[in-house]
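Only one chain is shown below, in structure tokens, and it's the form predicted on its own.
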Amino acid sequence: MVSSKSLHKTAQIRLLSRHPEVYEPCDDSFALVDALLADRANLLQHKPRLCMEVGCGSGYVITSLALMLGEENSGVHYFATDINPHAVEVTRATLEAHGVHAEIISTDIASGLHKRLAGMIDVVVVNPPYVPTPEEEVGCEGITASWAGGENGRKVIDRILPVVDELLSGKGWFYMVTLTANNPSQICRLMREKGYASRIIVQRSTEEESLHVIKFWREDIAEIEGARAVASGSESWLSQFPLKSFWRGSTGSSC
């Protein structure tokens, strides 16, 4: 829920709470929020009732989502999870500083929640641990868990996907940050096998990495959006690699 104190469409950096063991907003966080902003008109029309962020960290993304939906979608309820107990406290403080509220749970992905909330969540947002690292770093305590993704950065992502599939409602939308090393085209194929269409909302490139924020939705309720993508003549986003521009944002590319 959102209070009258909320005046901005995204969380303000100066109001974020911080802790040395909690991941602070960076390029990937900003890309995810920019993707949500780019899709805001659709989100407002979508009228979600339950939204969730898996891996809330500083609370920047879930707070921004609550602010951008704002008073136009009153009655929305928000959930946020993180395996790091420090992140739970930091997110709570960030939400309070912006006058918004979410139920925050310290848990691994959505353990203890996904059965009770199965088929109920309308929007899930995830900035997962996607950095390729040694396997032993995955799931470490503290801040390392926020980025350590194991081989190809997929160890945690591959655990998240079936949980999200279980959580999403029939009209559910899922936004996730990926890195080129994660093989996002394969992720799209895996989700397609589960009945999801997908497209890139934002893609950005630096000298170090290429980030993609991908939106997934169930095809059986997406005929209009799918037809629009076909009509636009969008080429497969795989043809766009490598990305040459610096911090280029784009929308509407299909996976």
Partner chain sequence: MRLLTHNMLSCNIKGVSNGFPLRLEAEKWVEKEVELNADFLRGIFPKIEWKALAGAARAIGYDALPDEADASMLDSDDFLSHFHHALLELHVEEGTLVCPETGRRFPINKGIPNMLLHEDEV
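Numbering follows the first chain given and starts at 1. These numbers were taken from a predicted model, which means no experiment stands behind them.
FYI, the form predicted together with the partner chain isn't displayed, but the following is about it.
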**Q.** Partner-contacting position among I105, A181, A97, I143 - heavy atom within 4.5 Å of the partner chain in the predicted complex
**A.** I105
Q. From the list I160, V177, V88, A148, which entry has a heavy atom within 4.5 Å of the partner chain in the predicted complex?
A. V88
(Q) For the three residues S111, R116 and M120, which mark the spot I'm curious about, does each lie within 4.5 Å of the partner chain in the predicted complex through at least one heavy atom? (A) yes
Q) Is K171 one of the residues lying within 4.5 Å of the partner chain in the predicted complex, judged by heavy atom distances? A) no
Q) So, in the predicted complex, is G75 in contact with the partner chain at a 4.5 angstroms heavy atom limit? A) yes
Q: Report whether the minimum heavy atom distance between I83 and the partner chain in the predicted complex is within 4.5 Å.
A: yes
Q. Hey, in the predicted complex, does L44 get a heavy atom within 4.5 angstroms of the partner chain?
A. no
**Q.** Which of 60-68, 212-220, 44-52, 189-197 lines the interface with the partner chain in the predicted complex (heavy atom within 4.5 Å)
**A.** 44-52
